[in-house]
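Starting off, we have a lone chain in the form predicted on its own, written out as structure tokens.
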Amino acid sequence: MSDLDFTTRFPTGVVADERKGYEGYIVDADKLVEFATALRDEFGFDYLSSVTGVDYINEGKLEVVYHAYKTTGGAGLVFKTQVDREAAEVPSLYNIYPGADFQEREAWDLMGIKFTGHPDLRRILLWEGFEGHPLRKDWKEPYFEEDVKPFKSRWPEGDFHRAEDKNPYGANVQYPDKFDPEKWQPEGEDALYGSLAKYQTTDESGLVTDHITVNLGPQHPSTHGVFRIAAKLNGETIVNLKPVMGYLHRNHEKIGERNTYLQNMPFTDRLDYLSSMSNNFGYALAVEKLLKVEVPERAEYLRVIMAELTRIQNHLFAIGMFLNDLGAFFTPSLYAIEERELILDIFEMVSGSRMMCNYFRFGGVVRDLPEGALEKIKGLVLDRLPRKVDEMDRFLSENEILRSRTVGQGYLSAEDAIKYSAAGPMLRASGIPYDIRRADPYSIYDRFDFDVAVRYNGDIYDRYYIRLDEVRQSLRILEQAIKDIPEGEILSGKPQYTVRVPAGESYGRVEGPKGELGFYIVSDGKANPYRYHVRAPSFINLTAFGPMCVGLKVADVVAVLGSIDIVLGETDR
């Protein structure tokens, strides 16, 4: 898209972002809705991937950053709007891109940006009584030491003390002025329940029926962790449903802005803790864009091999746990986990850790394959895994109970999948063949021959089966990668303990096992990122969860959630 197109369409209110190291367009807040509408309807950017905020405290403004793409493929478009920090109000894009729902709530919760016109603007990761907006640069936690690491209490002085000893109350909390936790009534619950649906219905005969609200979780095995589902029921039928998250929230992004760039690499492992290598990959790409470093050929192949092994073991685990959710307790999951463990053996050989791998580095990977690792990978890729995937397919896919619980249930249309910014298997199972490895290739994925897995029914069954399809395509990629991997260096330059990243912004994204995993980085030229944001597919894929469940029964909700495949470490961050 050329500047001329925008200049012609928007003679005022839209300008190119000419800050050094930045890209895209800056849109006046009063033009934002018109601009976004034209972007979708006239310019074909139908997919809003990411929404986040940046606090430019020294300039007295907050910036909202949007990343939009075309589901037909190609590079994305970045656009931003800026508002005064003391009057941070921006029009909501919910009515144009409903996928902005949870992301706008997150920006309100953590950054204090009010999105006018949003239908349900409540906190989403923090509790309603929380004081302040912690991603603002002037917010300080009770145990605050310094703005960035390494803290002097650790290095170089080494004058270490327990932060708890400085706090007379011995707890990492601070309350709003005149707040008494013993007398607090949870106002947020009223807002949550009020957002669900009206409490009564009247049928054609005049019979008035009360609706009841049921909470599944946050402590419940079906929710895959500390996750809560607030459902409004008419009998056994779901009338409305809202996911409630944040029980695992630790403000990953605030910690990430305190860390040095390199300290964040092992920190990304803790997001989707089933997909450490993919997390490393996305973050490395974002920083490498700013550093403008070249990755050696062998390192690119190693990255792809580790990423595709990650996809396979994630999908095996997802299928096993999904069968648990349907009631086939543990037998299918243990068969799947056995294969996953063999892949984790390889991760342990290569990185020294099974799950928290910390394997990627800016400009390559930290170490080469040890002796015997490539042979072990070949044994899995060329022999064992294809047989085991076919075996799982044979035992499960035509099972009448599985099919009766999943075929035609939890429907998500192609239009709604795009509208709600669904990503990964969830998007492709609804008939949208959008895979970043093909649509906007990164690393060396353009060298490999593979198909984008797609299915067209948009139901729970297709979301289950597409993961088997994707495992098979990952095996195709791996066959080519292990055949063509060259000898050579695995890291550009010398290993570094810290890096100075040139000022600017970048967005690195990968096709993770759960969908688009993106890292938005703003650098001010110092050793720590000024802004560090994670576009978490587990979080954003939940936007469609409520609409998919309306009209189903309570038991179906568990199956729908299992078919989305979330990890709470990534959802809550």
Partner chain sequence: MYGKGLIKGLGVTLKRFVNTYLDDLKWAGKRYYTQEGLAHRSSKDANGIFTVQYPEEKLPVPEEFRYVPFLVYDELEDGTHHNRCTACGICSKVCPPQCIWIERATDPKTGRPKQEPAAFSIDLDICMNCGLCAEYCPFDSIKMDHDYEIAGYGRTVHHLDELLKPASYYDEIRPLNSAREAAIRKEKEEAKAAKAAARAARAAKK
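Positions refer to the first chain, counted from 1. No experiment lies behind these values; they were computed from the predicted model shown.
What comes next is about the form predicted together with its partner chain, which does not appear here.
Is every one of Asn259, Pro266 and Lys388 within 4.5 Å of its partner chain in the predicted complex, counting heavy atoms? Yes, the whole trio is in contact, each within 4.5 Å by some heavy atom.
Have a look at Asp484, Glu415, Asp120, Glu348 for me and say which one sits with a heavy atom within 4.5 Å of its partner chain in the predicted complex. Contact residue from the list: Glu348.
Single option in Glu294, Asp451, Glu338, Glu489 placed near its partner chain in the predicted complex, where near means a heavy atom within 4.5 Å: In short, Glu338.
Contact with its partner chain in the predicted complex for Cys357, defined as at least one heavy atom pair within 4.5 Å: yes or no? Result yes; Cys357 sits at the interface with its partner chain in the predicted complex.
Partner contact for Lys242 in the predicted complex: its partner chain, 4.5 angstroms, heavy atom: Outside the cut-off, so no.
Flag Lys137 as yes or no: does it have a non-hydrogen atom within 4.5 angstroms of any non-hydrogen atom of its partner chain in the predicted complex? Because no heavy atom of Lys137 falls inside 4.5 Å of its partner chain in the predicted complex, the answer is no.
Does Glu398 reach its partner chain in the predicted complex if we count a contact as any heavy atom within 4.5 Å? Because a heavy atom of Glu398 falls inside 4.5 Å of its partner chain in the predicted complex, the answer is yes.
If contact means a heavy atom within 4.5 Å, which one of 431 to 439, 366 to 374, 456 to 464, 92 to 100 is the stretch that engages its partner chain in the predicted complex? Of the options given, it is 366 to 374.
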